[in-house]
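For reference, the chain that follows is the form predicted alone, supplied as structure tokens.
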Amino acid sequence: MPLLTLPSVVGHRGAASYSPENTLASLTEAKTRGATWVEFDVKLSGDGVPVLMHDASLKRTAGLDRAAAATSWAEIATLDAGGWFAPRFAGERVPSFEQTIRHLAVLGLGANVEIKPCPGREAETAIATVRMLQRLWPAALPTPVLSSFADSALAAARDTAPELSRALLFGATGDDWAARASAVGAVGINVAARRLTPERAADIRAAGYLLSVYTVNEPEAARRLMVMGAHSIISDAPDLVIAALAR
């Protein structure tokens, strides 16, 4: 497995403070605001196409009160994923993962690909995601990292694409965090900033894991977390955090 390196700031769902999350517009916005890497969520449509979507339901970000797992890609592709955010984004579509990879190639952005399966589709989603990465990921871009809250998804990713680095996501890290990370072969631990203690940050660093924290939009909080030992800050407003860390 290649050694994973991460930038100090990663754009969350693109640059979600400024543009509709998990869209090509949001990835472009992140690039414009200085990010070199972005994070986004991948789940499957009803007919098995990997798409960018955080919620199990399409309602909040695409306006259709239906589960993504019950909706075909052909229908998802017609939905407005931007009008809810601001009128200027009206008509922005939910992108497929394939479209996203091609857009990242144009932008020159690295990626933290969060496997975000609908319940019961953990392995299926992971396998579809990593096979597409194996087939389409541009050699010119840094090797992506796979992340997930679902241990079983990361285990399936490990078995299908052991060459790709993995990071286990936590809200708060319980006492079993290290055992869980070891079981899926993770090299990174991603923790909710509000739940991270200095003691746990030190434990994670001492165990040799890369520590990422999410979602951090306040410059002062970002600086404190870096002092605490974070390697990477995941932010909706990457420009603000980049500027804060440069001071």
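Numbering starts at 1 and runs along the sequence shown. On a predicted model such as this, the values are computed, not experimentally measured, just so you know.
Omitted from view is the form predicted together with SN-glycerol-3-phosphate, to which the following refers.
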property: 4.5 Å heavy atom contact, residue 234 and SN-glycerol-3-phosphate in the model of the complex; result: yes
property: Residue 169, heavy atom within 4.5 angstroms of SN-glycerol-3-phosphate in the model of the complex; result: yes
property: Interface membership of residue 39, SN-glycerol-3-phosphate in the model of the complex, 4.5 Å heavy atom rule; result: yes
property: Any non-hydrogen atom of residue 200 within 4.5 angstroms of SN-glycerol-3-phosphate in the model of the complex; result: no
property: Heavy atom contact within 4.5 Å of SN-glycerol-3-phosphate in the model of the complex, the stretch among 73 to 81, 173 to 181, 154 to 162, 111 to 119; result: 111 to 119
property: Residues in 202 to 224 close to SN-glycerol-3-phosphate in the model of the complex, defined by a heavy atom within 4.5 Å, in order; result: 214
